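Single chain ahead, by itself, as structure tokens, in the form predicted alone.
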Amino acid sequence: MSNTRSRGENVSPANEQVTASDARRSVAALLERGRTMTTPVLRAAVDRLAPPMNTVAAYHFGWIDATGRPADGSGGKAVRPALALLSAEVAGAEPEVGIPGAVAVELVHNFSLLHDDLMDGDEQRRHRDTVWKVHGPAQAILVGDALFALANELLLEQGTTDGGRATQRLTVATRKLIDGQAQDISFEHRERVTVEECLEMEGNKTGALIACACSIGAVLGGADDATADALERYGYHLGLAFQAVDDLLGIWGEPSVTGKQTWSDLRQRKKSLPVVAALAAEGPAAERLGELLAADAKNTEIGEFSEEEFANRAALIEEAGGREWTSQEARRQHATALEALNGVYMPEETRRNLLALADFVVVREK
């Protein structure tokens, strides 16, 4: 299905403004719609897994607690499912058409979280113990692998050419995501990482899958490759904005809101954007930070540092300008994402919703 004006759709410019209150209501409704429409299909997919993987996955998604009793965990922000459903609407299809893509992307995203938590040694996610902490490393690995397999299974079950196109895009995005995680891990043991290297890593680790979410519903709805590619560009830069905000929260986020430890990314030696931007700056704060990180590269006992030491490092990053640069980068990537929508014809309401979700990404607190 070619995405052209011939369908008689209303079109609005990409820079159309909506009020802050309208945007908040719109985003809340979009996230809830994404969660409501995809959760039953997601649960049914998880039910296909053999025990105990099905219950381990259910714990990860927040549906049960560590003892197996029902729980009311949200399972995340549901940004990717919301984008996938909107993507279907760009193609002129009903949002339901995007459900298999939304669920597939969510399965891949959670496959990466299960593995990342184990590799990073994260003990908390969404205000509770991570899967590897509760059920052991082996189950975290197995369930992650199973979720990835389920994602491809769901798309291929569509039995259509468009289902195959969607599977191909998801597979490429997954490979890039894994590339990004490998880059992220390698950066932890290097004294210096350039800003360009960090953006490439984050584009792979975060941008690729959000880009896929933004195109996969349109592909399932029959959109041509030019439309899907434009939506992927929107999603890629939105993903970079998303990750820039995540990097800020990883250092300065409020634990009661983020569900992670104070100074979370500093504890893991992450060369995130605020860190690499600070190191690239000039001045005594950047020099002192560089000295500390050079010493870290030879020290495997970073977990023994005091809270005061982490607070000092965060202060050095801020003094060197890393915090402000990253905040500005989030806004730059946000603007680039919106530019990608220029020339893509879609219903006026769908465009407003894509703009509102992009705004949400750069102002969130968790």
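No experiment lies behind these values; they were computed from the predicted model shown. Numbering starts at 1 and follows the sequence shown.
Below: the form predicted in complex with a further copy of the same chain, not depicted.
Site annotation in the predicted bound form: the residue of Val257, Ala226, Ala149, Ala295 reaching within 4.5 Å of a further copy of the same chain with a heavy atom is Ala149.
Between a further copy of the same chain and the residues Thr171, Thr262, Gln268, Gln124, the one pair within 4.5 Å by heavy atoms in the predicted bound form involves Thr171.
Contact check at 4.5 Å (heavy atoms) against a further copy of the same chain in the predicted bound form: none of Glu196, Ala230 and Leu357 pass. Residues of just one listed stretch (76-84, 276-284, 108-116, 248-256) have heavy atoms within 4.5 Å of a further copy of the same chain in the predicted bound form: 108-116. Residue contact with a further copy of the same chain in the predicted bound form: Leu49 places a heavy atom within 4.5 Å of it. Contact annotation for Ala93: none of its heavy atoms lies within 4.5 Å of a further copy of the same chain in the predicted bound form. Heavy atoms of Glu153 reach within 4.5 Å of a further copy of the same chain in the predicted bound form, making it an interface residue. The closest heavy atom approach of Glu191 to a further copy of the same chain in the predicted bound form falls outside 4.5 Å. Looking at 175-190, the residues that come within 4.5 Å of a further copy of the same chain in the predicted bound form, counting any heavy atom, are Arg175, Ile178, Asp179, Gln181, Ala182, Ile185.
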